[in-house]
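Quick setup: one chain, the form predicted alone, written in structure tokens, and binding and motion questions come after.
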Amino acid sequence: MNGDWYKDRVFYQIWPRSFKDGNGDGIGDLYGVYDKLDYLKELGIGGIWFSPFYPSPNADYGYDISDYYSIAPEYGDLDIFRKVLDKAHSLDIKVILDLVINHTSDEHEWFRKSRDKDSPYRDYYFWRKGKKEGRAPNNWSSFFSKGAWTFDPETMEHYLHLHHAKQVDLNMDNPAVREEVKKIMRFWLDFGVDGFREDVITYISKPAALPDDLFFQAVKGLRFYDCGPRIHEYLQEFRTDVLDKYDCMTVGEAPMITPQRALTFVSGNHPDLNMVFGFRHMEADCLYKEYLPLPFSLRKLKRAFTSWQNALNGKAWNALYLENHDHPRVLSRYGSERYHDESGKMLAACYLLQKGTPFVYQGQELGMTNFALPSIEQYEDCVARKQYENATKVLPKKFVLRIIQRATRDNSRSPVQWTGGKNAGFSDAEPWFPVNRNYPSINAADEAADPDSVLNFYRRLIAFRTKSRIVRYGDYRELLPLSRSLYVYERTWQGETLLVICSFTEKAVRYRFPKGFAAETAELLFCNYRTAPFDAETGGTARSGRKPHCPRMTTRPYETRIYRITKQ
């Protein structure tokens, strides 16, 4: 954490199982990643975040780890990862790994040994007796199931899991557990990786008494373990004992965090983390989670963007993203599949030019979309299956399936569409999960050959922002905060202004450019249409003695324009 190299790079998240199959078994792997590193370099990527590729029973596809020091056989081994790492570094691409230390798999050696009440591993986890026979130790909820405790008949006690029952929470209060975490960090940093994305890192500290939650009914217990009592102490320990000794970076996943609370993690002379991922901007069409859908609200999205930009300005650094492995495809949510190319490009512009480090999720640069499977049996997402099981107890199955089709994480986990050929060029074998049916028209090969494609728009925009000092250093100011259709913001630095205009509707919207804007001198850098004409009423000589008014435009469906304005 000695340098700030992460501020000048665009990262790309790889969810290995669906990225590219390199050995012909239908499952994405590190061999496929190796083959596609040149593609990432051409995209302009300066860093890769790997979702977990460690051995795992895959109850939650890699986020239930059974061995922190190895590679799952379906993805390869340490030798191929060494080749991937070396080639990435030769291309000036940094590599960070997912560090999942809130929980392990129940098949991890530590947990198996913890079933022995006399073992030193017993206190690696939260084992507790129930209040009464058949009752859990407290009333906390799990994100993936109703209760956060599972009874183990082998030891006649319950263990804590905030997620899947096979994802058992570690007891970070135990110094031995924290030493294990440091060993894991050192192993991979010594191997050559450049940092970590830290999974649900704000949940690792729980109150010692594990009390009942009598007030927070939405997710019982959350107020006790989210940003728990010793969270900063533990993160500072990891930084001081390990991270400070390497030129690395960390970005923490922080569900439900506010910008103000985020500053306690990422600001100051010795911050806990370099950046955090917030979630508020991913709630513009739902109530916290996609399974509780609401009509899309651009105002809600803009408030989230602007609150983070303003709160962290001059104090800390933002992590920017619109897609990852935990959310459905954003083009299908905030954009329009009818206006696929236009909205895919507009969504890129709306966040890639904000202040911070952008993360692009695999396939996002192609405009990959959601797609509906006809039955719940075809979905792999453990959350989707549990939601379906619970909801169909009171709601019609067809209705629930429609919600699943829209909300499931599997929407972002279908194989990347590389070509219009067999299995979208992902694999010669039958893929582990169905390929989206629209791959003949949305794929990397065709888009690479089309200068007006979503892919090539991403390439140009990433190249611009990587070299642009105004994007790196400029202040942010939102215009038109009350608009329900347009997101407009400025970046300003040393007499130069970048004006970003994004329409989130297919309807025509009249927009008056800000004071001082002159059509004759403003430089149009990007537009997602071939031409970007002004309206006829762009000013000039005013009639009836009135002063010339500012130029106007009428937006086309999901139009984006980016202007550079230099002070004369």
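Residues carry their position along the shown sequence, with the first being 1. Keep in mind the model is a prediction, meaning the values are calculated, not measured.
Here the subject shifts to the form predicted in complex with a small molecule, a form of this protein not shown in this document.
Heavy atoms within 4.5 Å of the small molecule in the predicted complex map, among the stretches 290-298, 107-115, 146-154, 407-415, onto 407-415 alone. Of the residues 253, 342, 323, 226, just one reaches the small molecule in the predicted complex with a heavy atom at 4.5 Å or closer; this is 253. None of 400, 435, 200, 93 but one reaches within 4.5 angstroms of the small molecule in the predicted complex through a heavy atom, and that residue is 200. Candidate site formed by 281, 302 and 306: none of these residues places a non-hydrogen atom within 4.5 angstroms of the small molecule in the predicted complex.
Using a 4.5 angstroms limit between non-hydrogen atoms, residue 161 is distant from the small molecule in the predicted complex. The shortest heavy atom separation between residue 526 and the small molecule in the predicted complex exceeds 4.5 Å. Taking the partner from the other structure, the small molecule in the predicted complex has a heavy atom within 4.5 Å of a heavy atom of residue 167. The small molecule is not shown here, but in the predicted complex it comes within 4.5 Å of a heavy atom of residue 63.
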